[in-house]
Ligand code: HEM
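This document opens with one chain alone, in structure tokens, the form predicted on its own.
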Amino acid sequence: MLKNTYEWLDKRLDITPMWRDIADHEVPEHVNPAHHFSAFIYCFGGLTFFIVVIQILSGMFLALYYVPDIQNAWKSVDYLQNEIAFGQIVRGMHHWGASVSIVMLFLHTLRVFFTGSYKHPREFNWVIGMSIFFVMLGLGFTGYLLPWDNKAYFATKVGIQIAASVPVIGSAIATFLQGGEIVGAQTLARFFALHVFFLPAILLLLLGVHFVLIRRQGISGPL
């Protein structure tokens, strides 16, 4: 039945060339651990993407139970952790995955820099990669407030105060992040919207461009 379904779709959408283009893509020898032990340093980008996928899937599960208002935010997190099957595990994956993804992305950035992979003709992809880095930092910052406990509240206040210290536009940034004059209900709602809708959409767009450029330009060689 699956074969017949695939053939029916293939005749109408011609999907075989698309997935064969991906499956048959050769990996350069210098990034193959079977040939070079140092090839593992080229795996940080793929590991980062793998963790991002886990973050998206676990975040979708958490969003089923999370309530983004100051009266029920912490209650919904507590309910998720203590009453929902595997809720504590999924939240732990999402919590620690945020830190691991930043570490992996930082290591990937170091690899690109020290191997000179940002040079011609990959300058634009370097800019895209750095944009992804800052979006990931934004996701980590906006997600930190969502549990709405004391640690999240005061850490967010400190972060907003740091943003407010930026010359000229600092006060505008702080007002935008807070949604008002204080860290309160509007801040939580704004951070939730940024964390769940706006920043993930930007991240997926940047990742798409990043992967297209990698396929067109190829994986950079060693120094």
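Everything numeric here is computed off the predicted structure, so don't read it as measured data. We number the residues from 1 along the sequence you see.
Keep in mind that the form predicted together with this ligand is missing from the display, and what follows is about it.
Judged by heavy atoms within 4.5 Å of this ligand in the predicted bound form, the contact stretch among the candidates 22-30, 38-46, 57-65, 172-180 is 57-65. This chain appears without its partner; in the predicted bound form, the one residue of 77, 104, 112, 128 with a heavy atom within 4.5 Å of this ligand is 77. The closest heavy atom approach of residue 119 to this ligand in the predicted bound form falls outside 4.5 Å. Under a 4.5 angstroms non-hydrogen atom cutoff, this ligand in the predicted bound form lacks residue 70 among its neighbouring residues. Though the partner is left out of this view, residue 163 does not reach within 4.5 Å of this ligand in the predicted bound form, counting heavy atoms only. Using a 4.5 angstroms limit between non-hydrogen atoms, residue 213 is distant from this ligand in the predicted bound form.
Residues are counted as partner-facing when one of their heavy atoms sits within 4.5 Å of this ligand in the predicted bound form; in 106-145 these are 136, 139, 140, 143, 144, in sequence order.
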